[in-house]
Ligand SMILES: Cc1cc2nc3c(=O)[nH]c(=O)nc-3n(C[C@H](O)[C@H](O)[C@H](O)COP(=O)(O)OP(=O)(O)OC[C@H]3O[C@@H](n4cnc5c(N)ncnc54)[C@H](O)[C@@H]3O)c2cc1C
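What follows is one chain in structure tokens, specifically the form predicted alone.
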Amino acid sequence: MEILSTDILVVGSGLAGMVSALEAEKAGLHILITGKFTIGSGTNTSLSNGAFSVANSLFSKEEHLKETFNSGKGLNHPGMVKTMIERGPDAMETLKGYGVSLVENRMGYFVERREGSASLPGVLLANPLKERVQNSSVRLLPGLVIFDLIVEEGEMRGAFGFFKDGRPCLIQSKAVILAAGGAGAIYRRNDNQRSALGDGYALALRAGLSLLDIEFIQFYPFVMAEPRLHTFILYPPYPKETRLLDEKGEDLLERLNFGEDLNRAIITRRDSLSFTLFEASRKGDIYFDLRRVPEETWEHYPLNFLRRSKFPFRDRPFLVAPAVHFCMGGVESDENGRTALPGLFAAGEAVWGVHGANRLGGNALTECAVFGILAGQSASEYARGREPNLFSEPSRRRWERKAEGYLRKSRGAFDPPIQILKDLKALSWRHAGPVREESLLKEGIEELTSIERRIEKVYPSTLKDLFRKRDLENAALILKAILRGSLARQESRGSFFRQDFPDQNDREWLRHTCCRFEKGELQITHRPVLET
């Protein structure tokens, strides 16, 4: 068992994780950052559209506040929202100082790109931060997968995980920053990185923390659905010549009464468009048609990105469908990134509070930047001057036995983990997709119980199986929370749509879903909202 020691451990290496590590380093502390893959890559940051909703000369703080609360439908945490809006402009200056090139626009900032560049905006955002982290004193451990947070005497003590070569590892740390992203990849249709399987949520649940409003999942209506092509979200603005067609070649927007302006529809009616297209996709295929787009438009992003593919996007319509984009719920923290567990801080998509029942476009990256900075500062204040958290001999032996349990070999046949994951993703999409209702949710919970039994019988015969089994355990735990939270909430609000309860019900359901993991069981309760 390898034992490492650091002042602050950062779990996750997207925007929130990298910024928190860089901020904590300013205090002169030892920082260790881990990621399932290469630091700065393999995260949803690198797939983002590079847009930040932030107050500027064209977009006031009052407008930002109003738009964020309108999107959240009464479930936002007021203090978190106000902190993000107040700190947003300073966070943009911090990012610029780290080498990120930003340009002002109507609702904030976006990552600057060279004329004709076909690079994803998220890559242009992540690369300078990655370079800054690599040239800092922050220690990087890509491929170290955290399996458990270690809590002793009611405080964080560190974490336990495995290197990619199968070596178990204990990390002694004065503070931990949880920035492990969301859980979009537990769905069959999603535009997330394949590693976004709810690791951060599962770590928090098993450490004794609650998840709030985890049933609120944001879907985006136009995501690539062509077989053998990567799912890629088609961001606006769309060329005015773009058409949305059904399998008969008829105009789908007009037939569904969404008007002729696709850009206006995606801004004003994004969620209803997702719900409607999800229902339409059950009856037939949906196509994007770019054949009428002028040649010169293909020289600019995002169409120049499509040109890099061998697929004939310019010559024929191509399949699109709604897909999971973002998770609004998550770990509860205060305005400075502190969770209810002393020594544990959190930032990014893993955290609940800013978005409420739905996310305003551009707020995700702003949230990562603002609360990544604050979590890094708060963790360094907590860790500064504290004695190192040294594991006792009994504690080390206990984790050695646990490592042996994770590595226990199989003596019989079991379902391949990759097949179980496919089945779990299909279950998520079928029973907890954009449109939900009681019978489907109950069936999903029953089917999930069967999948959980299959997961229990998986004993790793290879190192890949070791990591895949933990992925399955995490994904199943979070899916159960989504299903049970969805079943309990008998209304529709924001991104959440119950077909059997199609109306928003403020009298009975203006409250938060609280999910807690106690004695191996998920407990669902509710609590009132804070005054907005």
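Sequential numbering from 1, following the sequence displayed. Note that the structure is a prediction, hence the values are computed from the model and not measured.
Although not depicted, the form predicted in complex with this ligand is the subject of the following passage.
Novice: Would you classify Pro322 as touching this ligand in the predicted bound form, given a 4.5 Å non-hydrogen atom cut-off?
Specialist: Contact check for Pro322: no, nothing within 4.5 Å of this ligand in the predicted bound form.
Novice: Do Phe219 and this ligand come within 4.5 Å of each other in the predicted bound form, heavy atoms counted?
Specialist: Contact with this ligand, no.
Novice: Is Tyr187 close enough to this ligand in the predicted bound form to count, meaning some heavy atom within 4.5 Å?
Specialist: So Tyr187 does not count as contacting this ligand.
Novice: In the predicted bound form, does Val11 come within 4.5 Å of this ligand, counting heavy atoms only?
Specialist: Yes, Val11 sits close enough to this ligand in the predicted bound form that at least one of its heavy atoms falls within 4.5 Å.
Novice: Would you point out which of 127 to 135, 285 to 293, 85 to 93, 229 to 237 contains residues with a non-hydrogen atom within 4.5 Å of this ligand in the predicted bound form?
Specialist: Only one stretch passes the 4.5 Å heavy-atom test: 229 to 237.
Novice: Which listed residue (Ser495, Ser486, Thr68, Thr34) meets the criterion of a heavy atom within 4.5 Å of this ligand in the predicted bound form?
Specialist: After the contact test, the surviving option is Thr34.
Novice: Counting any non-hydrogen atom inside 4.5 Å, which residue from Val100, Ala432, Leu244, Ile146 sits next to this ligand in the predicted bound form?
Specialist: Of the candidates Val100, Ala432, Leu244, Ile146, Ile146 is the one lying within 4.5 Å of this ligand in the predicted bound form.
Novice: Decide yes or no: are Val54, Val81 and Asp213 jointly within 4.5 Å of this ligand in the predicted bound form, with each residue judged by its heavy atoms?
Specialist: Per the other structure, none of Val54, Val81 and Asp213 touch this ligand.
Novice: Relative to this ligand in the predicted bound form, which residues of 145 to 183 have a heavy atom no more than 4.5 Å away?
Specialist: Stretch hits, in order: Val145, Ile146, Ala179, Ala180, Gly181.
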